[in-house]
Each structure stands twice: as structure tokens, then as C-alpha cells.
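Look below for two forms of one protein chain, each set out as C-alpha cells: first structure 1, then structure 2.
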Structure 1
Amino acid sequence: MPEVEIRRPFCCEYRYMARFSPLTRMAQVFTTPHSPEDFLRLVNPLSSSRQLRGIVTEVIPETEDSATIRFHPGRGWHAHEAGQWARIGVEIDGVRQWRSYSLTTAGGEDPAITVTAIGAISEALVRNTKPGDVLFLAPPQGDFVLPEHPRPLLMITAGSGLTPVMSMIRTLVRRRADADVQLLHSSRTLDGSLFRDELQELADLDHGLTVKHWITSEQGRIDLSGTKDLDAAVPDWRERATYVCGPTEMINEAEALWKAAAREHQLVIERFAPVILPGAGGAGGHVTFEKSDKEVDADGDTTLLEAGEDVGVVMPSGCRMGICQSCLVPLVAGQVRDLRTGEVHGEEGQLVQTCVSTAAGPVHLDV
């Protein structure tokens, strides 16, 4: 699908004019009670001093249940580093919902996200997004980035864990003649593997990239509890700076293995889920969502965010890992348990992180 051309000379004239406060003040005479920016947004949806936005330029199907969404960001966006992520907001039934997604284009390029249709937000992005749609954005962030100096690299990924690594590969192999990257990617089937054709093309061009697919339906999952699988797939893994992104179990095994090999300083990981303290969930409790007039019994392993979504409560959220603070909701009564520490806490009016908290007995939330 060809990229959609975004024409903006007319909009740019307005942006140029808005930089000069005397002209802005003059324009306000004709736009009051609205601001000049309110009218500017009618011709340029990216123009907003309060909310960073992006306009979708292309939607590319990747697999049956995934798609890459390219977008052009408005002012306020700073170029991402390869491997970083950003929070993306979409309007669903009149409510703005946020999720965090890895950026998959090469560092510095117009961004894109590759989304698998799991969950309501991702499902809506994959099935319904089209060129011209407006996304709400937060600036790129994250420390899962390439090393400062060139060196041999090993990337171990599984499923959608490939998305931040794809940004790194696109950054390196097309721009550096000295790139030396081994990618070991795990997927259930070869046909369902993200970016399979592009990765093969890059490897065939001898850009310093070697791609090895690990098909779990045939081989079982990659076992990083020992060195057997890794020694067979990438014999020189100990000499490479290694990036691992995928399921929590795989990441935990990698951390233990690299530590045992005294190579933990060479390992960089990216988690898509919070680090949960074993046994921290407790017994759970009855959760009441006051404003939504809904309630549910939730066990000790079900977060307040998941419990609300399960009964149709519109819950604020972002990273869903306890990092971005987007999921904060006031506590009306009761106590909650932090899954990361096992700590039980709760005072009336306290803001609780619903994505990493469970009920510790009866809980009432102001949402």
C-alpha cells in the first residue's frame, strides 16, 4: 500500500504565524472566545499545544492478527532512539484509552507501531485504524536501546518481543557496514512470525544480519535454564552484547543464565509485564466501582485494572507495568495489595496503581 501524502503548506503558514505572539494576539480579536489554535486544528489536526498527536499515514497488515501502523507526529515529538516505546491513545466509544507500544521504525524516522490484536485497544488499532486517523501520543521513552559503540550483538526475542528489536535491526543493518547481529526469534509457527519476509531480505543482502527462527510448535520453547539450546543456536553468545525481549519466564531464565556465566553486564532486557513478587496476591476480595455502579469478586492474582475491564468498567491505563502512573484511581474504602512487593496499604482518597494492585479484602474505587 503506498504511503499517504500529507500536504501541509497551508497548515505550515499558520504554524509560522503562531510563533509570533503579536500576530497571535491580533488573531485572537477575530477568534474570541476561542483561541486561534482552535481554528487551526480544523485545518491541521496535529496542531495542539496541550496534546501531542500523530496522523496515520499507512496501515500494513503483517499477519492475520497484526498490523504495522505508521504515523506522522505533530510538534512536540522528539525523534526516538531504536528500541524505545511510546504511549498511544485512541478514542473508543468516546473514551480515550492509552496503551504502550514499541516503536518499530529505525531510530530518527517517522514512527510506527506493530500491534497484535490482543485486548480491546490493540484489537481496535489492528481492525479499525485507517490512513488519516488521528492518534494521541506521549513522547518516546525507555532504556532498551543500542550500545553506544559498535560491537557484536545477539537479539533473543519471542512473539511481539521482536518489535523493539526490529527498530534496532532496521537502524543498524541499513546504515553500518560493520554490523554483526545474530537474531534468534521464537514464534509458534513460521507463517505467523512477524517481519519474516523483511528479515529474510535483509539477511540475504549480507548486511551483517543472521536470522534464526525457533518454531515452538515443532521445537518447544527456547530453554534458557541451561546453555544447550543457546550453544547450538549461537555458539559465541558469551562474546556478544545480548538483548532479550519476550515472555517473563524467558527473561527470568536469561537473567539467571547470564549471571551464572558471569556475563550479566552484557545483558539488556525489556519486560512487557511488571516483576511480580511470588505469592504476593493474597486472597483477593469484592471490588466495587462506585461511579460505574458495578462490582465483582476478584481473586488475589487479578489486578484491579483487569477486574474492572472484565465487567465493562472504563479504566485509565498506560504501560500496565506500574511505571507510567496512568492507571491511578482514588480509593474510597478498603485496602489493596501491591503485587510487586506484597505490601498491603490503603487510606481513603489515596491514589492506587490499579495495574499492579489487587484487592486485599473489600475495596471501593472511585471510578
Structure 2
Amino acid sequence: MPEVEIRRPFCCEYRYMARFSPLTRMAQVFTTPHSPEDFLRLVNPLSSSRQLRGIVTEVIPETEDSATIRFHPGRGWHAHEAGQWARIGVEIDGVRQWRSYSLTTAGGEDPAITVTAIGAISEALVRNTKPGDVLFLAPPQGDFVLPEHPRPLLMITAGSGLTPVMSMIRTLVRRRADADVQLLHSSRTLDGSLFRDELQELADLDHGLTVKHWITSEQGRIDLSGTKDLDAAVPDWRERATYVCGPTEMINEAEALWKAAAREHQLVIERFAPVILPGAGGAGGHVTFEKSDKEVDADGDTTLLEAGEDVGVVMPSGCRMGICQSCLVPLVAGQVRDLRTGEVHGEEGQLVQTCVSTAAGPVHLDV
């Protein structure tokens, strides 16, 4: 434990302390100039009123490229519903980086995430996380959740898109006698398929789960541009409430197919990446981050969020795909392009969604 100088508080500090409970005031007399919280944090890393944290309890390798990280969240967390996700922050080279991950345990249980290494942050989470590490957290959110009333369900997933659906399956199967879930999961190889053994065990229990693997290295991708593949795999798909999570192309095709079948009200989707208008990027521009005193040339494919992070600006962020609004930053000058629509806009003081916007010429941001 580091040495801490203990001194009596000054009179202005007594006035400040009068706002707190007698117990807190007593603790502050003994702990000033540090707060009681500073001492608590030495023994309990989850203790912080400012930033929700969790402590890693277990790391389970899943495939060559993925791992499940279980953690125990501190004060401020609330139980997740099956299918929800949370923002997870990790410190890499002294910079706190945030990404979103679906919570894979059954609804209400101590949470876990299952991360597939595809970029710098997920790679660090999969390869370097160990029990005892502290994760920064934001509470669970998202509306990709189970319907209120039990009904026949169809889950179509690919790769790491299985994660929110795994939470739903763990919540339903074993616990609900009326569960009726068809899972059609696509992966490149059977060996590289997430949760394969557990899914097989659950299916063998005969508790209402049927698992169908679609192996793209042998069968090609599931073609949802027509009904042929679906009719063969799940003939009664039109009668089922359907949850789809996977690559953008799969989700886009599912939306069109369910619409054509007049079943769009039965389809619930979850995206892990924003829908970008092809060719929307433009030429980019020079970006100045005024408060951080940093600047960079960003091309038309680099979002303002990525451009800032690349030069070490602490950028606010959340989902990184245009749904949560956590990344808003005031525009000081210049114009930005929305990658989802290609629209160029910019008025001084306007809040820019930096995760889906690029520079359209010189841009000054108030961050």
C-alpha cells in the first residue's frame, strides 16, 4: 500500500464536508487529503462513483481467435436482458478504448462477453486479458431482446453474430418447457464455430432447440436473396419470429426477403457495423481537434472518431455504428459527410456523430 500523508482538514474543507453524512464526514477527517474512496479503491478496484468497472473472473478460450471473458461488475451495473450489449473500455498504451460487446450469459446472470479478434482492440482483449484485470463498463443496453410471449423462434447468425443469440438460447432452453428455437448458424469451418459443444449438448437435451450448422468453406454463404436455402433448412421459417445477427450483406438480404414475404414485423436484426453508402466517403480533409491541440489529414474512408483516436485524442464513443449518440462532438468550423447517406453538412455548434462522419474539407472540432 502506498504511503499517504494524514493531516487535519482546513476550515474550508470542513464546510465542504458538512454536505455529507456524519459517517462520510468522519471518514473524510481521517483520510483527507485523499477521499475515503481513494482508500477503498486500493483494496477494491471496483469502487468508483465516477466510472463503472468490472473485474475479470475468468477467461475461456473458445476458438483460435476468440475467447469468453467473464467479469463481475461493480456498483451501477444492472442485470442484462438476453440479447443486450454493453460498452467495454480497456486501456491500451495509456489510452482508454471503448468497443461494444453482446453479453453472452443468460439474462440476469453475471455477465460475460465473447470476443473474436479482428482488429487492435478485440485482439488485445482476446490475447491479453487475464483474471483480476479491471474492465471499464457502461450499463447494458439494446432492444435485440426476446419477445415477451413465447413463440416459435428462428435465429440466423454468422460468425460472432451468434453472441447475443447465445444469451437468448441460454435463457430459454432448459428454463422454458415451451421453448421452440431453430438456430441456423453460419461459420467458415465447424472447428471454428463458436459454442459448438455447448450448443450440441443443449440440442441433445431435447428441450426445444434445433441447431443447424452452415459451413461456408463447403456450402458457400447462406443465400438470403431468395428463399431456396431457407426453405431447405427451416421450411416453416415464415411462421417464426426471426432474429438475425451477422454481416451487413446477410442482414440486408434478410430485411428484403422478410419484406417481400410480408413478414417484416416478425424480423428483429442486430448489426455490429454501420450501414455505409458505397462510395459515400468523398475526399476527406484536414481535421483539427482544438481542445486537444492535435491535427491530422484524414481520407474519405476514415471517420472523425478514428482520425482523432489515431493521433491520441480522447474521443467519446460507444457503439461506433451510429446508434447510441455517445460520440457527438461540437463542430467549430468546416463541413462533414455522413457515411450512411453521403450528405454533407456543417454549421458552427452542430453536434457531429463522429463514428459515421468523415471530413469534407478542413474541419475544426471542439474536442
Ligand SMILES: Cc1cc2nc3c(=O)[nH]c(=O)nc-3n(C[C@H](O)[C@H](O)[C@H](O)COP(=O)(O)OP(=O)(O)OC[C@H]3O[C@@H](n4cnc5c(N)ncnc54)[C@H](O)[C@@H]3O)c2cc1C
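Think of the rigid core as the biggest set of C-alphas that the two forms share within 1.5 Å after superposition. Here, residue number means position along structure 1's sequence, counting from 1. All values derive from a computational prediction rather than experimental measurement.
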Mapping for form predicted in complex with the named molecule resolves to structure 2
Once you overlay the rigid core, does the Cα of Val59 travel 2 Å or further between structure 1 and structure 2?
no
Did Glu309 shift 2 Å or more between structure 1 and structure 2, C-alpha, core superposed:
yes
Is Ser326 displaced by at least 2 Å at its C-alpha between structure 1 and structure 2 when the rigid core is overlaid?
yes
If the rigid core is lined up, how many Å does the C-alpha atom of Gln353 shift between structure 1 and structure 2?
3.2
After superposing on the rigid core, how much does the Cα of Pro362 shift between structure 1 and structure 2, in Å?
4.8
